[in-house]
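To begin, one chain is listed below as structure tokens, in the form predicted on its own.
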Amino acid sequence: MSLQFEKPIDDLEDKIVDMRKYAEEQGMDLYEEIGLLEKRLKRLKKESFENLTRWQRVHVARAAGRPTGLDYIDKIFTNFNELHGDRALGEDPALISGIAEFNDQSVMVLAQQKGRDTKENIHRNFGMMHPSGYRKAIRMFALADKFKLPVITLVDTIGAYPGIAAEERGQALVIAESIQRMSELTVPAITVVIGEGGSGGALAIAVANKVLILENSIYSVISPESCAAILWRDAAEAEKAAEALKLTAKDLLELDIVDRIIEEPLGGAHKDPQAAIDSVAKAIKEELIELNKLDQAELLQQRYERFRKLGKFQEMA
């Protein structure tokens, strides 16, 4: 399903497909005409995606067909062995974790997983983790430290699950514990925001030495809808909230909240998933090579300094 602002692009793509089909059926040479339309299409895509509002980028970050955590695991890593359970309550399908090979090195991978369809979304709880998921993450961090495995996390969640059962089982506490445990890692840690990064639900697996974000992903303390419901008592004001939150990749880089923006294919990752996956793999490889040069003390110090310097202030006269 296309996004509203993509309709002119889709209409032009359909026109090109129809013209190619007609040329083939009639045996006509329409190469020049089709070429002109393709140039126009490329220009339209470039203009559209360069000038997206923050609210439109929220929609792109949530677009159907955008690669999920599992897609990245399947395409980027080899010999992935999934590890289940928190050793206390049970398994949380919203977080996929395990040991894999990347660039001839063993790594620990954690990925928040939304569903590709309604059935999987229900099974994965729309990527919203329960306390058992965060306890599982803590277990993975401990294993990574024990076996000296670099940690790579893929963030894609609107936030931690806010249900009563989750709160009764210590949701806030276990998120804090996950943040603390990840901050203490003695191995390199890289986080990539591949879709949505929502509040503490995302931060709990994002206390990394390097935080990367895809061009059309978002990362914020709260979703625009929830922010609007609190500030204006109307979720319909989400567009206004998105502007105020400054949640786009460009905003976050300017605020030093992320370290690097990973370019997406023209039209967004949902239009060319493999190209997006290749870009993420390249970025992770480059960052991991640099982090592998640091010893344990340097990794801890770099991560400490990175998060201590977050935020900007202005002195009043």
Partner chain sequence: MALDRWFRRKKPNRKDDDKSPSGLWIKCDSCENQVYRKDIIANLHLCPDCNHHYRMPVDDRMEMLIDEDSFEQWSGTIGPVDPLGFVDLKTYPERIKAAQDSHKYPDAILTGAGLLDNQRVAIAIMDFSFNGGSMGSVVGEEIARAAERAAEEERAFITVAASGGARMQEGALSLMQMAKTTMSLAALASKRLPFISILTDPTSGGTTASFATLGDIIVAEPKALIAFAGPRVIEQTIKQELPEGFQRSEFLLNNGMLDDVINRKELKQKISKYINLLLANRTTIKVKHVPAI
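Residue numbers count along the first chain shown, from 1. Not measured: the values here are computed from a predicted model.
Here the subject shifts to the form predicted together with its partner chain, a form of this protein not shown in this document.
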query: Single option in Asn216, Ser220, Thr153, Gln113 placed near its partner chain in the predicted bound form, where near means a heavy atom within 4.5 Å; finding: Ser220
query: Heavy atom contact within 4.5 Å of its partner chain in the predicted bound form, the stretch among 59-67, 277-285, 29-37, 254-262; finding: 254-262
query: Residues Asn51, Phe126 and Leu266 all lining its partner chain in the predicted bound form, heavy atom within 4.5 Å; finding: no
query: 4.5 Å heavy atom contact, Arg308 and its partner chain in the predicted bound form; finding: yes
query: 4.5 Å heavy atom contact, Lys146 and its partner chain in the predicted bound form; finding: yes
query: Distance check, Arg139 to its partner chain in the predicted bound form, heavy atom within 4.5 Å; finding: yes
query: Contact label in the predicted bound form: Leu300 to its partner chain, heavy atom within 4.5 Å; finding: yes
query: Stretch 153-179 - residues with a heavy atom within 4.5 Å of its partner chain in the predicted bound form; finding: Ala160, Tyr161, Pro162, Gly163, Ile164, Glu167, Glu168, Arg169, Gly170, Gln171, Ala172, Leu173, Ile175, Ala176, Glu177, Ile179
